[in-house]
Every structure is written in C-alpha cells, then in structure tokens.
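The form predicted on its own is given below as one chain in structure tokens.
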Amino acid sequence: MSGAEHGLIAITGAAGLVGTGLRQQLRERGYRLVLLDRKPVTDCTGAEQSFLVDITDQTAVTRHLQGCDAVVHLAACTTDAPWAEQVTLSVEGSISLFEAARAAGVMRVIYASSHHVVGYHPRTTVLDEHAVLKPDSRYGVGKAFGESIGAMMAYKYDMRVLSIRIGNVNSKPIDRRRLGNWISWRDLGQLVSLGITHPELRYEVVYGISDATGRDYDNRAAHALGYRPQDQSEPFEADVLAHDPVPAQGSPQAFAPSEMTKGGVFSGNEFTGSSERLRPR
C-alpha cells in the first residue's frame, strides 16, 4: 500500500498543531484521511472525514478505524499536567487506541513519542534508539508508556509499529536546544509515510529530527528504513545563536537543568537539589 494507491489513514488528535500540519503532508502524498479528535476539525477537504471522538472511548475508536490501512496516534496529554490527566490521555488513551486498532484489524500504528522520554540525558551526549529512558517530566513518562505498549503489540500480536521520538516540528528551529531536535513538516511526513509503507517494519524507535547530524541524536535506525531528510538545522544556526547565545562557561545559566539536558524547560520544572547529578559520567 502506498500513497499513490490512496490508502485510508486515521489520525488521532487531528485537530492539534501536529495533526493539522501532518494532514497536509499526507494529503500531498495521496492518502485519504479519517480525522479523530474530541475537538472539531473545521477545514476538512474532499480527501478527509472528521469525527468527534474521545480517545478513551475504545468502542467508538474501533468503529471509526474500520477499513483504515494505518493509524497515526497523536492524541495525548501534550503538557506536563498532573498525573491524572497523563494517565487518562496518554496511558489509558494509548491502551484504547492500540486495542481498538487490533480489534479493527488495523495492523500498522505510527506512534508519536517524544524526545522527552530521554530528556534527562546530558545535552552534549549523542543518543541512539537504545538509550536508557530518562523521562524529564510526567509528559515524558506518558510517552514512554506508549512506546512500551507499541513494542508489546508488535511482538505479541503481529502489529507493525513505528515510534517516532519527535523533537520540535516547526518551520524552523527557534532556539539553541531545538537546533538539535528540530524536524520540518515535510521530513515528519516522510517518516510517517515510512511507518505506513515499509514492508519490513516490525517495531522501530526513531528520532523525529531533520538532518542535525552529530548534534544530539544518532538516527541511523531511521536511515535504515530509508529516511532521507530534506532539511537541515545548520542554515538557521547563526540567526538562532544571535538571539540565544551559549551561556558563559561556569555561569549559573550553564548549570541550569534546562541548559544541561535535552529536555530543556521540562527538565527544569519542579527540579530539586543539585544539578551536579545531571553531568555526563
């Protein structure tokens, strides 16, 4: 199945920022879309159908996934909200989605994970897909749970799952940290398309970054699937550094958790004690 064959793809959380941008990318690749969100999508095209549905309503999600070739799972708690909201949207929501996909016979899931699952690693360390999970937030923990259920579904129930640890999807990187985790819209569309079509996919974790080679992440797992990013963060570096310069060595800012780690602000929120424990070892 390929975009040229006009496959039917569902997107959960389709009304959000990432869902809105990804819709355009998938439509341009020839896919027809089923848009699922508890908020209305008001700008559907002729290639899209939109349905109001809560991701935790497994019966309703199963019904709307009938006939789909794959599902892109974006719906989650997107802030570092209290545990109750994380559990409902990111934990129970992921359980509902994966079980609904299995019940509906949708055996390909592209899961929107996050670089925040490894957010407490030092910013200077280059990570691959085998990095130990070090979530920087409740949000990161919720995303890590989705990776775990995706792996179980792939190996136990013969599903095909691609977990994309998205950095920051935008038209350009907006600060120094995002120079290492930025992904353009068309590069995200390419990664998602690989999850939909790759014939040998079982379960893979890749980083949702454009070409920032050697900066933060080793994305060879994505390249092995055929990912060839079209965009780079390097052309934006001078402009970024002009308004977000590197802090002076030894300064308090240089030792802030948000500066020392890949997670940025999420790493600093509610942080207690000394940041010495965040130094590379």
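Numbers follow the displayed sequence, beginning with 1. The structure presented is a predicted model; accordingly, all values stated were derived computationally and were not measured.
This protein has a second form, the form predicted in complex with a small molecule, left out of what is shown; the following refers to that one.
The candidate spot formed by G13, D37 and Y139 is fully in contact with the small molecule in the model of the complex: every one of the three has a heavy atom within 4.5 Å. Heavy atoms within 4.5 Å of the small molecule in the model of the complex belong, among the stretches 128-136, 146-154, 70-78, 190-198, to residues of 70-78. Among I55, L65, A222, L26, the residue placing a heavy atom within 4.5 Å of the small molecule in the model of the complex is I55. Though the small molecule is absent from this view, in the model of the complex it lies within 4.5 Å of a heavy atom of just one residue from V118, A101, A112, V206, which is A112.
Although the partner is absent here, I95 lies well away from the small molecule in the model of the complex, with no heavy atom inside 4.5 Å.
Looking at I174, you'd find every heavy atom of it more than 4.5 angstroms from the small molecule in the model of the complex.
Interface membership of V91, defined by any non-hydrogen atom within 4.5 Å of the small molecule in the model of the complex, is ruled out. Not displayed here, the small molecule is kept clear of V265 by more than 4.5 Å at the level of heavy atoms in the model of the complex.
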